[in-house]
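The chain below stands alone and is given in structure tokens; this is the form predicted on its own.
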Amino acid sequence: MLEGRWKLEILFHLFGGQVRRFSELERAIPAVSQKMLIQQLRQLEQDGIVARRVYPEVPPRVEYWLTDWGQSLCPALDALLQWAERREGRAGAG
């Protein structure tokens, strides 16, 4: 479910109940192409990790957030982030 280069980064941006518009995610992750971001978000939505709401406006406004199932990943993702920070700390000390 979390396979894919951008999924973890997307999840980190939706951490803590944050609701993000598609354009906000696009700006927050500048290295990802629009096509890849859409694909990764759709897969996360299909897996029940991310929810999406489309507002009937012109231009359309689309918002994403973590579902309850996705929120349950937060402790594991937080531990992974802490692990990565410790790794970076050791690399800088050596």
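Small disclaimer: the values here were computed from a predicted structure and weren't measured. For every residue, the number given is its place in the sequence shown, counted from 1.
One more form of this protein should be noted, the form predicted in complex with the DNA, which is absent from this view; the next part is about it.
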| request: Could you tell me if all three of 13, 46 and 65 have a heavy atom no more than 4.5 Å from the DNA in the predicted bound form? | output: no
| task | Check whether residue 23 has any heavy atom within 4.5 Å of a heavy atom of the DNA in the predicted bound form, and answer yes or no. | result | yes
| field | the DNA contact at residue 5 in the predicted bound form, heavy atom, 4.5 Å | value | yes
| query | Is there any non-hydrogen atom of residue 29 lying within 4.5 Å of the DNA in the predicted bound form? | reply | no
| field | residue 56: touches the DNA in the predicted bound form, heavy atom cutoff 4.5 angstroms | value | no
| field | Within 30-52, the residues that have a heavy atom no more than 4.5 Å from the DNA in the predicted bound form | value | 33, 34, 35, 36, 38, 39, 40, 42, 52
